[in-house]
Each structure stands twice: as structure tokens, then as C-alpha cells.
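Just one chain follows, in the form predicted on its own, and it is written as C-alpha cells.
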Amino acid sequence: MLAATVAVVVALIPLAYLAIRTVEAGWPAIRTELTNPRVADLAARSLALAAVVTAGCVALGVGTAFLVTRTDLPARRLFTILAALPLAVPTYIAAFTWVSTITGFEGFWASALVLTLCSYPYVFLPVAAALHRADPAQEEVSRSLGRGAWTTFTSVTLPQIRPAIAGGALLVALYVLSDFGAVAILRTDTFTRAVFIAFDLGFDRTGALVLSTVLVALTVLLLAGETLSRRRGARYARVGAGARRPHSPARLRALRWPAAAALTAVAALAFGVPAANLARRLAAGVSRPGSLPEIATAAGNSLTVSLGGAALTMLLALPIGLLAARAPGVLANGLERLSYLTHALPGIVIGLSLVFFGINVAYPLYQSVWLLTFAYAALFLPLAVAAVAGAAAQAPPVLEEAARSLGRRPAAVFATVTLPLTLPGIAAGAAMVFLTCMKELPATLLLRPTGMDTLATELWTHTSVAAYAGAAPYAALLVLLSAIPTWVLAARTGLLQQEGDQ
């Protein structure tokens, strides 16, 4: 319990320090910033972008999930993979490929398009998994009572998958509010871009603090609204485990090939445009004088800081995850929820608060790899906690009880029983955190040591001066590395083992 509490307190340092520094700015300065009309404009634009992208992702994600799981769509396995692949493309890479392809591609609707194409798998994957696992008996009963396909879907199927839709929509909305790379490249003024400009270019620390605090408030309100709606909503669950029967696919008839063409077009826009652009520019980028040593150095730096971030994140997540799985209760659940708080915050807010923390409190850590790895741990702690808690929950506690009954000390029980049982989950969580650290951009830009460049920061440097050929090798490496967890995620849903695929 003590170790878990300490881990949560350490992870919340960026958020606590941001609050303290904002209060220290004084109410007159805060009021001046808050009453600036630009704050209202930024809030309206950020929320509007989140709303448009979330609506688009829900439409694309639910539609695609239904087609690949419940219809006779041709090549359903292939379309499942194609629908998951956009997760392998960081939004700033997608933005730079579109900008370098279409002249004048920028602004609100350009950002909405790119973010929708990159984010709809957050809705597709959970909804497709929910549709794949759902018991078809209720739908069959509805159809036997004379209800049509649309009525059955809206009255029976939709309520069963509503939690998956809500969860995916929340992830998309939070992701859009926290995105920095795409909106910066596409020149769309949102809170994240304004915070970065205020601190990095305008040296307006008070403005950056206040804007960050407003962004945190919007994020918390969004989380609170989702929690409230979930509590008020109905619950839908199967009675008994049973054996899952395959669904009888609905026949699309004349719409079969148009539906396949529509999904092909979405995949071409979401993954084909970035892949084709990178392939076209890759040879020119690699052939630049001195490019290979630069790419190798950036890749080595990315591997180093990402390994450090993954190690620290797993160290903090281990006591929290084990406590949540082995001693569930009010306190354990509270600590687990608190660990999720910083993950909902944009990387630029975490990075900014740690800049202030390093300068004023822990100056020896400022401009060091240690502060950057700490930022990764604060951002991605929930990914590790979920992996550890899931692995510990599946490990039988009776083996630990037997070891303790034989006189083993708690440390020995952990080393010889608990750790080996949870090691596969810990390894999976560490891999996911490692690859997520590789893609993190705003926190890396703010906290990396002077002269240290990673794949993400080199990509940002080249795209900021329109050197698209030079950016291509860094982008290609990031996409290749990101494709690994994407494939694992799609495979774990069970969607790649569908029955009756054609």
C-alpha cells in the first residue's frame, strides 16, 4: 500500500506543480489571461475540433466494425487489418505527409480530416471486439418477432455495444484535446499549440500556465461527464458464460462491392497517403550527405530515452497494479484512478509543468534525460498499470498463499511466485510503453537535453522548415516501429480469426 501511494504521488508531481505555479502567478494576472477573448476562441475551437473528430470517428468506426463483423463483406480479415493500421501513423506524420502532398492543406477542416483518419481505430477496435463477442441470441429473437434489420440494430445491438462506443469516443476526444503535432503542422490554433507558442516562442510563462490550467479543466470536465453518463446508463451483460456461437452474416447484396470500395477508399486516405508519400521521399532523404549517421544517432537516442521511460514507468506501475489486483477496495481503486489522471493530460502540459519544476525545484535534473524519462512515466503510467493489474488478476493467488504458509517472506514470495506469474503481462506493458514513448513529441521537445535529438524531434525540425524529404526517413522508422503494437492489438481482439470469411 505504501509503495503504491508513493508511486501515485510521484506521478502526480507535474499536475500538482502546475497548480502551485498557476496560483503563484496571482489572481490579477490569472484574471487578465482568462478574460482575454483569445482564451474563449481557443476553447471554442478546441472543443469544436474534438466534437467534429469524435463524431467522424464514431461514424467510421461503428460502420466499419459492423461491416467486418456482421456482414458478408469480401476480404473481412484484410479490411480488419487495414482499419487498425492508422494507429501506426502518429498524427504529426500524417499531417506532414498531407501538407507535403497538397499545397495549402491547413486549417481547422484539414486538422479534422487528419485527426479523424488517424483516430477512428480507437472506436473501431473496441466496437468490433464487442460485436464479435456479443451473443447473437437476442438479435435472433428480435428478428423472429418480425423486427427489421435496422430496428433490431438500434433496439438490441446498439445498446450492447454502447459502452464500447462511449469508451472509444472518450479516447478520441481526449486525444484530440491533447494533440499537438498535427494541429501545429496544419496551423490550427488550439490550446496545445497556443501553450507551446506562449512558452517556447513568446516567453509568456503566465499565459502558458493559465492556458495549461484551462486545458486541464476542460479535460477533467470531459472525464467527469463521461463518468456521470456511464453511471446513469443501463448495463447490458450476458447471463452465463456459455459458448460463443458465430453470427450469421447479413447479406449486403448489391451493396457488397460498394461497401468494400468505400472501406478501401478510407484505408487509402488513412494509411495509403502517408505510406505513398514516405516511400516517394524516402530515397531522397536517405541519400542526403550525412543523413545516415544523423538517422542512426536519432534512433539511438530514441531507444535510450524510451527504454529509460519504460523502465521507470514499470517500476512505478508494479505496486499500483498488484494492489489493484490483489487487494481491491476503496483506497486501492482510488489510487488506481489517480494514476490515470495524468494520462488524460496533454504531453505539452506535463512537459511545461516539469520545465518549471526542474528550473525551480530540481535544477540538477533540468535538461537531463532523467526529467524526460520522468515525463514519459507520468504520461504513460496507466498503460503499465493496466498491463500489470490484468496479468496479476489472471495469476492464481492461491500459489502466493501457499508460499507464505511455508514460511516464505513477502519479498521472497514476490520474487519467486508473483513476479514470474505476472512477467508476461509486465513485458507486454513495457513494450507498449516503450513504443508509445518513441512517438511522444511535445514533452520530448520541451524536456530533451540540449543537442539531443530523437526520431520524433528530428521529424519535427525538418517539417517545420518544409524539408519533407529529410523528414521522411525518421517518419518511416517511427511508422515501422509503431506497426508492431498495432498488429498485436488487432490480433488480441480475436477479429483476425473470424468464421466464414470470404
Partner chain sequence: MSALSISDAEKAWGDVRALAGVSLTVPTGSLVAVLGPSGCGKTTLLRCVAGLERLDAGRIAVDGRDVAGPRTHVPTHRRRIALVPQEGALFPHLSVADNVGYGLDRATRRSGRIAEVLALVGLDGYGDRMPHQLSGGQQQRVALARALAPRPSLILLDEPFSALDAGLRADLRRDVRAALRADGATAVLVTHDQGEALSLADEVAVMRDGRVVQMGTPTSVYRTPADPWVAAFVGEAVLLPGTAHQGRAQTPIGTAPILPTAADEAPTPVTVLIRPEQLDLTAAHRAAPGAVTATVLRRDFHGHDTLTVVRLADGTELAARSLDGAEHHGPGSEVALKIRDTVLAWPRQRG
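These numbers come from a predicted model, not from an experiment. For the two forms, the rigid core is made up of the largest set of C-alpha atoms that agree within 1.5 Å on superposition. Residue numbers count along the first chain shown, from 1.
Keep in mind that the form predicted together with its partner chain is not shown, yet the notes after this line are about it.
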property	result
Heavy atom distance at most 4.5 Å to its partner chain in the model of the complex, all of 402, 408 and 412	yes
Contact residue in the model of the complex, from 398, 296, 221, 254 (heavy atom within 4.5 Å of its partner chain)	398
Residue (of 265, 421, 292, 359) lying close to its partner chain in the model of the complex, criterion heavy atoms within 4.5 Å	421
4.5 Å heavy atom contact, residue 304 to its partner chain in the model of the complex	no
Partner proximity in the model of the complex: residue 416 to its partner chain, non-hydrogen atom cutoff 4.5 Å	yes
Threshold 2 Å Cα movement between the shown form and the other one at residue 407, rigid core reference	yes
